[in-house]
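A lone chain, given as structure tokens: the form predicted alone.
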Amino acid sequence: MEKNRQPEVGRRSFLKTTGMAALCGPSLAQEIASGESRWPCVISTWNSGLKANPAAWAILSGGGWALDAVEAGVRVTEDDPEDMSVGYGGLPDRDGHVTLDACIMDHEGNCGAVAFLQNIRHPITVARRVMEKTPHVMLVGEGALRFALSQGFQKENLLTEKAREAWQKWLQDNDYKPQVRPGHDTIGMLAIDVQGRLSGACTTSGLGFKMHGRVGDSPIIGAGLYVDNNVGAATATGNGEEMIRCAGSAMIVEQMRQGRSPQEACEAIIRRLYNWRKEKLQGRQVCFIAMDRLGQTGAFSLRPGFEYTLSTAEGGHRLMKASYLLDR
């Protein structure tokens, strides 16, 4: 991984020349001066980040905006036909339609989302256009598609032969229930740039063979993703219905606001969810990653198996195993 290392990009000199340390308030200024901050930094869910994070890092290491970085990063996964839970190549719903959900949020609280979007390869970029070009936060279904087409996006068939074959096999073998997989679903990505700006993105094709029209947590601000530049950011992967029920990403940020580290915050919300709904969580996976305003990170899951990708100037791009609550 040595070849992936990048030199730290002028964080201290930037702060000195712009006076940003003073504008951040004495607490953050002191933390920056002490060398505790880790800017820039990228963290994303699953090993898909090994492909996605370098695209984000290329922007961050050049002094670019975290929002541009997370969009560019998750677009790599949306383009990957081998990732059957995101974008092109994603598993269809039970009726054979690939439907996509995504959201994006920046350091100022601006956010955009699309849900139940079909035939558009990059829902994350459509979500950003919703944020920047409309007065709304979320567009869904046919309305989201019409908006995307008005913005110059092209319709295309996102159902690959591999995904179609998986769907047909499921139709033959299954009792018409959604596929609950222990492995990958969703890519969520968080980044902080050399100016200390946090941003996040989350994109998915959702639960394989879901009911037509089902939307999970990934496009929902506060559930699948939340960013507060005064505190930190969090994003989720796993069973979306559970993330919605506990407003997981927003609650993790609130835990950090109360003084917990990103790791402690992720653990606290998963423990809270488990204590509340343990009988309903049989066979379900819930996972979070988080980052605070210094670029410190955390990751935790309900069950074993969750991996995430961390990119820093010091460590390159590293696949990490998250700690977990239950043994199985």
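All residue numbers are counted from 1 along the displayed sequence. Computed from a predicted model, the values in this text were never measured in an experiment.
What follows is about the form predicted in complex with a small molecule, which we do not show.
Just one of Gly222, Gly196, Gly216, Gly89 comes within 4.5 Å of the small molecule in the model of the complex, counting any heavy atom, and that one is Gly216.
The contact with the small molecule in the model of the complex, taken as any heavy atom within 4.5 Å, belongs to Ser85 out of Ser85, Gln255, Gln118, Thr125. Contact annotation: Thr186 falls within 4.5 Å of the small molecule in the model of the complex, judged by heavy atom distances. For Leu207, a non-hydrogen atom is located within 4.5 Å of the small molecule in the model of the complex, even though that partner is not displayed. For Met243, a non-hydrogen atom is located within 4.5 Å of the small molecule in the model of the complex, even though that partner is not displayed. At the 4.5 Å threshold, heavy atoms of Thr77 stay clear of the small molecule in the model of the complex, well away from it.
Exactly one of the stretches 234-242, 153-161, 166-174, 140-148 approaches the small molecule in the model of the complex with heavy atoms within 4.5 Å, and it is 234-242.
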